[in-house]
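Consider the single chain below, provided in structure tokens and representing the form predicted on its own.
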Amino acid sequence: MLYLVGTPIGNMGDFSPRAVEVLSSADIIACEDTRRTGILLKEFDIEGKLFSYHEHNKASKGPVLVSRMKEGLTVCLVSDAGMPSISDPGEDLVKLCIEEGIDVSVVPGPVAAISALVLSGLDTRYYHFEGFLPSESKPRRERIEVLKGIRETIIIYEAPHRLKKLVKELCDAGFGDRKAAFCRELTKRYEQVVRMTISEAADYYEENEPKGEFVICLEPMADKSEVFDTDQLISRFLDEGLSTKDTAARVAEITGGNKKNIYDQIIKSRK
């Protein structure tokens, strides 16, 4: 059995009683950094056998964990902070377990991306989780080019020493006038959310050196309505028997467009 256990992203008070219970009963606790996880376990008086599992040893250590689970042992997987498998090698272990018919369960916990999203003030209904961009130049440029075509709120993780570079790259890509929320130290004492455009961020972080790990929530470059054929959607819903009012509501929901404008468009097309 594999349990994916969410851990605090900063505030120890966010660690759930169920997480403590499951970790306490585990035969093996797989983690990225045994020292960091050791501090967490000590905080909650949890005794457990720690097993190092991270990006650089997952190919060799994953099969070892699978073999232990096949022997009947219970393995808990934790990340340094937040939910394992989110920008984390845990997703590889989950795939191995599924392939081998091993049960996987989850003990939910904090997620930095969602925490930042709800604080951002941007659209939370539709969003795209990007996580960390590649560090290599060419793949990084390619991913930023992809982001230009995303029509939902974009969530990016970035380290403080690369933040100013990221802001410049986004400006160069055409995101300068887009709204963004720069979130850092989430759930901690010095939690900060700075809301501004990308161009404003370029000036801001020249005067304020970035500190702490960042989650950036970014307004998309264009409206979602641009990637949908509104006329086709209108025809489809009218053909299905929806009223003009309901059709306008459904098309607005899908495209992010203005419901009244779409309603007027339908009425005009029928004249």
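A residue's number is simply how far along the shown sequence it sits, counting from 1. Since we're looking at a predicted model, the values are computed, not measured.
The same protein has a further form, the form predicted in complex with S-adenosylmethionine, not shown here; the description that follows concerns it.
Comparing 147-155, 77-85, 193-201, 133-141 against S-adenosylmethionine in the predicted complex, the single stretch with non-hydrogen atoms within 4.5 angstroms of it is 77-85.
Shown alone here, Leu117 lies farther than 4.5 Å from S-adenosylmethionine in the predicted complex, counting heavy atoms only. In the predicted complex, S-adenosylmethionine sits within 4.5 Å of a heavy atom of Lys188. By the criterion of a heavy atom within 4.5 Å, Val215 is counted among the residues contacting S-adenosylmethionine in the predicted complex. In the predicted complex, Ala113 approaches S-adenosylmethionine with a heavy atom inside 4.5 Å. Proximity to S-adenosylmethionine in the predicted complex, defined as a heavy atom within 4.5 Å, holds among Val167, Ala180, Cys183, Leu93 only for Cys183.
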